[in-house]
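Below you will find one chain, with nothing else, as structure tokens; this is the form predicted on its own, and questions on how it binds or moves follow later.
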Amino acid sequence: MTDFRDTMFTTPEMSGIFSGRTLVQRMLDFEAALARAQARAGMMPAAAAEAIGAKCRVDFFDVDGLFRDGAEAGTLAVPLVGKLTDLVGGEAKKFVHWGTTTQDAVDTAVMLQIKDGLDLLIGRLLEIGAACASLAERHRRTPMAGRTFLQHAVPITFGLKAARWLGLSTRLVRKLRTLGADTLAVQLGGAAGTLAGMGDHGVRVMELLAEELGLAVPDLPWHTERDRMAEVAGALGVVAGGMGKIAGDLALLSQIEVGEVFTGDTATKGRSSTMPHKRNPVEAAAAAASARLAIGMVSIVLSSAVQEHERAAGAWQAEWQAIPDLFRFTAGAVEWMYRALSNLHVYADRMRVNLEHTRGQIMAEALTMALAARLGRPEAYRIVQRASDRAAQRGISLHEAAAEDEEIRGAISPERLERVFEFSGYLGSTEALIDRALEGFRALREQTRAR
């Protein structure tokens, strides 16, 4: 039966990559590739490697039974290797799992899952980037309030906000791609990292195994040096945090009092069970929840880096649950954010209304900088602060208060003062910054096409 949490906090695709059935197949992929590598190194006949590879298909195995027996044995490898040996039979069976160990099979299988999982996340993040790029271009001149500490600060455009999400998404893709260089490495060390069971063929087999599986060749076996897993976990935590940040922005912008965006795409989505008027930001909430769950898994993987001697007693085993959950939850955050941004309704009129909410106070910095050219910034700040306080006390606009102030009138003309309070006149490098985000994303997509 499908659990509600399976659809709420992850995706079917990522669940499939990190399913028990896929783990078994990836462990069998390791065994088949190991046999081929050892045959290439002259450790076994090619026919034996072929016989082993022919039986390395998950369809030949009772996956539920393997996991029951693996729980008793403390590792899935014991029942899996036993069953594989029986299936291979004949002379070839004596070469099954030759000179390797449980952790070699499990770690390499997980690395293969991680590789597939990263590819899935990168693909969706690129789609998020495309959605953000579209928003940035379409709304590059749509003014809105920039907010700091949840208060109105200075004018920005919604295009710039989307461009910042775009820049974040672009960096996240690059971060995940850098993991492939040497982080996604094969594991092969034998019982205690010496490769003694392979005689003097160990290093060569490790290189050939990595080639067979499309993984990096490690400098040394890394059974209890878990920096690679920690790097993967940290990168996914950053991705999840990025999705949570965008989700938070969308949730705040969709508040009734703000009303600048809405993330729903159907008439029934987000409806309250008791309040007929409510439309909740479901996508943003689900993305934020998934992000928090993912970030919680990061600490488990990082704490599991503290391991004993040549094989861990508990820390390694904790990764078996934490890493799949980390990928599942991160995928959930990314998927919900993609849905939110792909169906985002932007209310430019409401953004304009909110810009007017402070009656010109949002242009206080603009007025300060206009005066600073004549008076210096400290003096200009003092004068504008006084005018701002007077406007608030009297319930008038900052523009009106400034027009009444003798020091301000003496420093700038009425025409210049009028221009100061035009939102479009105080956007600085907004256009250039949006262009930079768009150019960075276009370059990333070109690199993607070239891969």
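All of these numbers come straight from a predicted model, not from anything done at the bench. Note that residue numbering begins at 1 and tracks the sequence as displayed.
Just so you know, the form predicted in complex with a further copy of the same chain exists too; it's not on screen, but the next bit is about it.
Note on contacts: among L208, V81, L344, L184, the single residue with a heavy atom within 4.5 Å of a further copy of the same chain in the predicted complex is V81. Exactly one listed residue, out of G332, P155, G117, G129, brings a non-hydrogen atom to within 4.5 Å of a further copy of the same chain in the predicted complex: P155. At a distance threshold of 4.5 angstroms between non-hydrogen atoms, D349 is out of contact with a further copy of the same chain in the predicted complex. Proximity of G70 to a further copy of the same chain in the predicted complex falls within the 4.5 Å heavy atom cutoff. A437 belongs to the set of residues with a heavy atom inside 4.5 Å of a further copy of the same chain in the predicted complex. Contact annotation: D64 falls within 4.5 Å of a further copy of the same chain in the predicted complex, judged by heavy atom distances. The partner is not shown here, but in the predicted complex the stretch 366-392 reaches within 4.5 angstroms of a further copy of the same chain through a heavy atom at T368, M369, A372, A373, R374, L375, G376, R377, P378, Y381, V384, Q385, S388, D389.
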